[in-house]
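Just one chain follows, in the form predicted on its own, and it is written as structure tokens.
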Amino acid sequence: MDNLRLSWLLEEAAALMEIKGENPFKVRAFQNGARIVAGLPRSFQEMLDDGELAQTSGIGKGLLGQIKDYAQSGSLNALDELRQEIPEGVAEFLHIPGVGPKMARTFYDKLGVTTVADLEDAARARKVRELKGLGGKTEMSLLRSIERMRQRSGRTSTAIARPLANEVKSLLESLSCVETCTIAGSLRRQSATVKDLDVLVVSDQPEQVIEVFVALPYVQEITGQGSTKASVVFKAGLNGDLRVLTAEQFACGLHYFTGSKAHNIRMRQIAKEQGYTLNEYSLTNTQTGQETPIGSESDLFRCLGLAYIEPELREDRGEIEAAQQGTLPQRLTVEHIQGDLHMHTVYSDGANTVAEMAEAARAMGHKYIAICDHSRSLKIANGMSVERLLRQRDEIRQVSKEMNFPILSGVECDILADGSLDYEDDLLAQLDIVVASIHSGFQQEEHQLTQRLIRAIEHPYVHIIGHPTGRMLGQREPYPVDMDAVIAAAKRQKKILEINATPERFDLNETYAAMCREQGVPVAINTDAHRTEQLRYVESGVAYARRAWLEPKHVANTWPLEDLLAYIGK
């Protein structure tokens, strides 16, 4: 959690720098620093003390100095200085869909607003349309965006929730009085965002467990405390609920508190039809009043005549019927993934070399990878010139030969505002694989963004569309796009759409991924890793893909390399 707190401060500093108009490379250094710190394998303080942090790729001297000061004083000097110049609340403007750094600064400078509520009031008073370069259309769009942001409030990205959950679980498991500790709820169902953290514990000393839980250093407020349960608000802004159960209650409790609510309602109906009552504690015979011993969730499903339903499927979207009929999807696992088709290196904004990324991927069991660094237009991400792209291609081929490990030479090529690509065709033709993505121009109308994607799909040298809707959970809404038309175009052109497994993205979302499955459009579960540790994002990406009922056959990077190359025409 110390790493997460520092990461959040670095992110805020980067946002305020953007609003101030700082050098984009300095902004990027803080953004990368935030991502690196959040993914460190140990406490940043430990790595600082033993000198390992100074040797970590992506942590330069300036950033290291800021981290040292933070370790000593508990505050980030760069952020403190920025907050004196730009009020903290102004950074929240960047969470409004469609509002970028320049527009946020304009609102602050010209309207004097420092909170989203103040900005909304100004827009309703028709003051935004009076600003140069904006207008009534922008003002109305801004009001709609603020409303969308308000509707999504109260939910937290799993990028924040999961590390917190792991910390809480680890601490509670270390107690001698705790037999079992499990995270349930929407986090167990692998939702992209969660409303609260559900923690289940088996213990015969519930009061002791609760005392420790409410005193955890991550707790900001205690909202409820009883003999077997407690509720808190964590400092990360996430609600937390603890339930202490007996061993006999655990299986039914795990099922109940995993949810979803709709799934639980259906399960209680199934139980009632078969002469039982089902609740969070037991499965009881209504005639005899006897509780049926349930040792595991599998036992519970079996008692009700159902095949085991994976947590990711428990949304009442047909899983009950499939479990009755024996037609549940084949479980997709990390072991099915043969390769990763989207990752970055030091050639653009990554932290590791081609060889280091390849070695880490091979150690995970991958059979092949594709290196796809940013193209030249994305200057803030150190996009590659033609010369550097060709130099990287040659290096990739050499490293692949030396390691006897297939490394595809690729690029994440920007889809420009008119739908054209960032490099000429004769250059793209020399690469093994091309991921095409939109990184700018999110304010375009839906038909323009849709046509940009379709034009890229129709390009003969594009093979995969990266993070197709551009969403950043908790930061940026998906841009408006007709995904029916995009998926139809991908089917016509035999192209692949990406599920970007970065926890802040999970893009495609589960609805669109399910549409791809139904339409016969393959997806690729890619990590978009910018350092070796992030290659592990494949685990959460696979779990998220299961929510869309994807089986191995639906995922292009479960295929052997020769089958993948045949599909993309290479």
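Here the rigid core means the biggest group of C-alpha atoms that line up within 1.5 Å when the two forms are laid on top of each other. No experiment lies behind these values; they were computed from the predicted model shown. Start at 1 and count along the sequence shown; that's the residue number.
Form predicted together with ligand DGT: not shown, discussed below.
- Taken together, the three residues Asp198, Lys261 and Arg268 all come within 4.5 Å of ligand DGT in the predicted bound form, as judged by their closest heavy atom.
- Ligand DGT is not shown here, and in the predicted bound form it never comes within 4.5 Å of any heavy atom of Gly410.
- Put simply, Ala78 is far from ligand DGT in the predicted bound form: not one heavy atom of it is within 4.5 Å.
- Of the heavy atoms in Ser186, some are within 4.5 Å of ligand DGT in the predicted bound form.
- Put simply, Tyr256 is close to ligand DGT in the predicted bound form: some heavy atom of it is within 4.5 Å.
- Among the residues Glu402, Glu88, Glu207, Glu458, the one placing a heavy atom within 4.5 Å of ligand DGT in the predicted bound form is Glu88.
- Proximity to ligand DGT in the predicted bound form, defined as a heavy atom within 4.5 Å, holds among Val354, Leu428, Val435, Val194 only for Val194.
- Heavy atoms within 4.5 Å of ligand DGT in the predicted bound form are found in exactly one of 319 to 327, 480 to 488, 367 to 375, 178 to 186, that being 178 to 186.
- Leu9: CA moves 2 Å or more between this form and the one not shown after rigid-core fitting.
- A movement of the C-alpha atom of Val194 falling short of 2 angstroms is seen between this form and the one not shown when the two forms are aligned on their rigid core.
- For Leu79, a C-alpha deviation of 2 angstroms or more is recorded between this form and the one not shown after rigid-core alignment.
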